[in-house]
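The chain below stands alone and is given in structure tokens; this is the form predicted on its own.
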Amino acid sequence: MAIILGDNQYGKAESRIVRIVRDSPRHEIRDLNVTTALRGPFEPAYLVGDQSNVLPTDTQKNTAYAFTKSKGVESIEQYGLDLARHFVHEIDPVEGARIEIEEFAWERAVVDGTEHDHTWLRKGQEVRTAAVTVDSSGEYVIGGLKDLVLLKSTGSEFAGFLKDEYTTLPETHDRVMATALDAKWRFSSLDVDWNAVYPTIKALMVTEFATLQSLALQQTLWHMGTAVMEEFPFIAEVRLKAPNKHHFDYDIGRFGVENHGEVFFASDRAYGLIEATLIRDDAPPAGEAWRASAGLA
């Protein structure tokens, strides 16, 4: 029996970078969490400690910081492409690079009815994400969002499910449905207005969540992904993950107070976890697009 080294990569995880553009009195802010991972002939580093092919993770971190100024951050997708292309095309012996980016959103403070030029409030909604992979097989971009917390107080059912001797869940035709959505979508083109596409995808998913009379969270995810892929032909694949944030009627009848679907216990665990992948039947190969590093995007 022989032991061999399988898939491997190395990089710098979660470099926290804040880029302030100060070219005019009205400043702009981009707040990023950047992870880099390099792939190539790095077996000697693992097997015998030979570092001659290893670009230090500290160098990767420094490059990520420098590129926010030299290349800019018009969109996290383009920034990730710039960074990945640099490692693959300019650093020997790197053969592939994976860049994962989280972006934290800020909104301008309003002072005396006017947006302030250099003060922001942290927005508490979802985190925008991008994952870029560049290697010999091509260039791949996955956009995404996570922790988009959604709740609707009606318009959701769950009934007709399989039952056995351990089933205690009652059927319902009117329930609260809530989730913290994690969505990722793979582009089949790089000729994309990244910053225009993102809010449209988010709006489509929110609309489907709100308006569909949902018979199950699984059905809601299917409609979300379908709406996005019908709107954008250059999206080849959508992957969705949604914890079912259960809300159970709380028994206040014991206190002499009626509860007609108005007071709930919000359970944080255990929770149902619903996942779905939608893919076009003619989608181009994904290559290593979904092979994660830190798994943050």
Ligand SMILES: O=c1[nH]c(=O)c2[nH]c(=O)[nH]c2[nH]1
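Quantities reported herein were computed from a predicted structural model and do not represent experimental measurements. We number the residues from 1 along the sequence you see.
The following text describes the form predicted in complex with the ligand, which does not appear among the structures shown.
Notebook entry, point to check: Using heavy atoms and a 4.5 Å limit, would one call residue 169 a contact residue for the ligand in the model of the complex?
Noted result: It does: once the ligand is placed as it appears in the model of the complex, residue 169 has a heavy atom within 4.5 Å of it.
Next item on the list: Classify residue 202 as contacting or not contacting the ligand in the model of the complex by the rule of any non-hydrogen atom within 4.5 angstroms, answering yes or no.
Entry: Flag for residue 202 set to no.
Checklist line | Residue contact check: residue 218 to the ligand in the model of the complex, 4.5 Å heavy atom | finding: Answer yes; at least one heavy atom of residue 218 falls within 4.5 Å of the ligand in the model of the complex.
Check: Is there a heavy atom of residue 194 no more than 4.5 Å from a heavy atom of the ligand in the model of the complex?
Finding: No, no contact at 4.5 Å.
Check: Among 21, 279, 274, 13, which has at least one heavy atom within 4.5 Å of the ligand in the model of the complex?
Finding: Only one listed residue qualifies here, and that residue is 274.
Note to self: Since the partner isn't included here, can you check whether the ligand sits close to all of 158, 175 and 244 in the model of the complex (heavy atom within 4.5 Å for each)?
What the structure shows: Each of the three qualifies.
Checklist line | Listed range touching the ligand, judged in the model of the complex by heavy atoms within 4.5 Å, from 113 to 121, 141 to 149, 74 to 82, 210 to 218 | finding: Contact criterion met by 210 to 218 only.
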